[in-house]
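Just one chain follows, in the form predicted on its own, and it is written as structure tokens.
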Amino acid sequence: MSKGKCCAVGYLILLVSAGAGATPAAWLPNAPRDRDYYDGGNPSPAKVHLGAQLFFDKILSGNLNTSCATCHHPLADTGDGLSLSVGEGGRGLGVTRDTGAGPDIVPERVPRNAPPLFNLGARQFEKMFHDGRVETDPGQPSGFRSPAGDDLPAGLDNVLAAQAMFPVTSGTEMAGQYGENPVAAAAAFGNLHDVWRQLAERLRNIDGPGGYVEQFVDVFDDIDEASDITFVHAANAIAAFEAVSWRADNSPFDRFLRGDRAAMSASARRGMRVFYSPGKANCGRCHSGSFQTSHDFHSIATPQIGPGKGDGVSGNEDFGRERVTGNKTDRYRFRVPSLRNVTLTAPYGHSGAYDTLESMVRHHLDTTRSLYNYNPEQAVLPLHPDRSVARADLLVMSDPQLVERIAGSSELGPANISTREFNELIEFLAALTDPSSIDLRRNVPHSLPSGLPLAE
């Protein structure tokens, strides 16, 4: 931790110790402001409206059966409530979603938990995905480092838009399996440009009043006719929708930082002290700054469940950040998540291994012990008629050598706090919830230009 951060944390501890009458100092972590977001937090309403329709429209999937919202739905607080998502080919929404039945069983499942999308329109979020494989990099032709390398097109507004380019290229998430449709075939051969071209062509064919062509022409200055529409434009609109709709920076903690001394309860303020104090939970070591994240990558020995990312001898492991950097010291490291709205975004961890906030916090307090005593029954796995698949989800956790390696990677030592302090810590984490995020029904459009159904 830098000297400046240590001083800030130290002052915060003194502030909390001072009690309810203390007013936050101006140089403490600030609550976010409009200028901290792209477009000053106010992109054009027409762009946001277009992005909302694209986010929910299954026209962007190979088989016309999956949308961005399938795994990131407002009714599930921008996730899906599952430990591991079912993308292309699944049935249902949220925790009711299954992997199909009979000959239509989904051949693959998403190997990582669907991360929440809150506040990703803030400029400080420069890395996307659990392993940070899409990140801002002015040295790249597109301005971003990504799995597409130099093939990522130019013209993307920000890293959030760059992220939106990739789920549609994944056979597991949205494209479908080889042989099912032309988009899936292009994705299977790694021809990302052809995936993006085909999807843009679909959008170009939806003309007429209120259609996609009319909206794209209205929103983007460089579009005069249907042939000008590219998937980069679609990604930019989706990013604008996400940035505006899921901005969450009016929590009790934010109001406290803005000077509202009564915004947080006394026990939440004590929990804030437990959170930041190096002698207590010391969460602020990694969960620092306005959004409680350092944007860095660490290992906390989170249990690995699910099909894995193809790593290790078995292929069931997930090496995390090492997959991006190639550095073995990054093995099992994952991005430090923001804690905004954390009470709403279960399950937790890159694999969704923990179903409750309390269990996730307890894991942080003694990672090795928690890993060795992990109870897989708490995982919220999608329904599947073949129970052998459920056993396959636990192949890594059933291998003592692999579990030992994960345990050895942990960067956290045990932390001792009392039961009262634990409860106060949980209450502080609850104070990071923006009330406007509790009911997100307003984010769901009533209809789509494609005419495809919104329901799953």
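Numbering starts at 1 and follows the sequence shown. Because the structure is a prediction, the values reported are computed rather than measured.
A second form of this protein, the form predicted together with a small molecule, is not displayed here; the remarks below concern that form.
**Student:** For the interface check, one of 138-146, 298-306, 369-377, 209-217 should have non-hydrogen atoms within 4.5 Å of the small molecule in the model of the complex; which one?
**Tutor:** In the other structure, the partner sits against 298-306.
**Student:** I have C68, I238 and L365 flagged as a candidate spot, so tell me whether each of them has a non-hydrogen atom within 4.5 Å of the small molecule in the model of the complex.
**Tutor:** Every listed residue reaches the small molecule in the model of the complex, so yes.
**Student:** Which of these residues, L395, A52, L412, A430, gets a heavy atom within 4.5 Å of the small molecule in the model of the complex?
**Tutor:** Selected option: L412.
**Student:** Which of M272, V86, V195, A243 has a heavy atom within 4.5 Å of the small molecule in the model of the complex?
**Tutor:** Looking at the other structure, the residue within range turns out to be V86.
**Student:** Decide whether G320 counts as a contact residue for the small molecule in the model of the complex under a heavy atom distance cut-off of 4.5 Å.
**Tutor:** Although the small molecule is absent here, G320 would stay clear of it in the model of the complex, with no heavy atoms inside 4.5 Å.
**Student:** Applying a 4.5 Å heavy atom distance criterion, does A263 contact the small molecule in the model of the complex?
**Tutor:** Answer no; every heavy atom of A263 is more than 4.5 Å from the small molecule in the model of the complex.
**Student:** With the partner left out here, check for me: in the model of the complex, does some heavy atom of N282 sit within 4.5 Å of the small molecule?
**Tutor:** Flag for N282 set to yes.
**Student:** Examine G121 and determine whether its closest non-hydrogen atom to the small molecule in the model of the complex is within 4.5 angstroms.
**Tutor:** Answer no; every heavy atom of G121 is more than 4.5 Å from the small molecule in the model of the complex.
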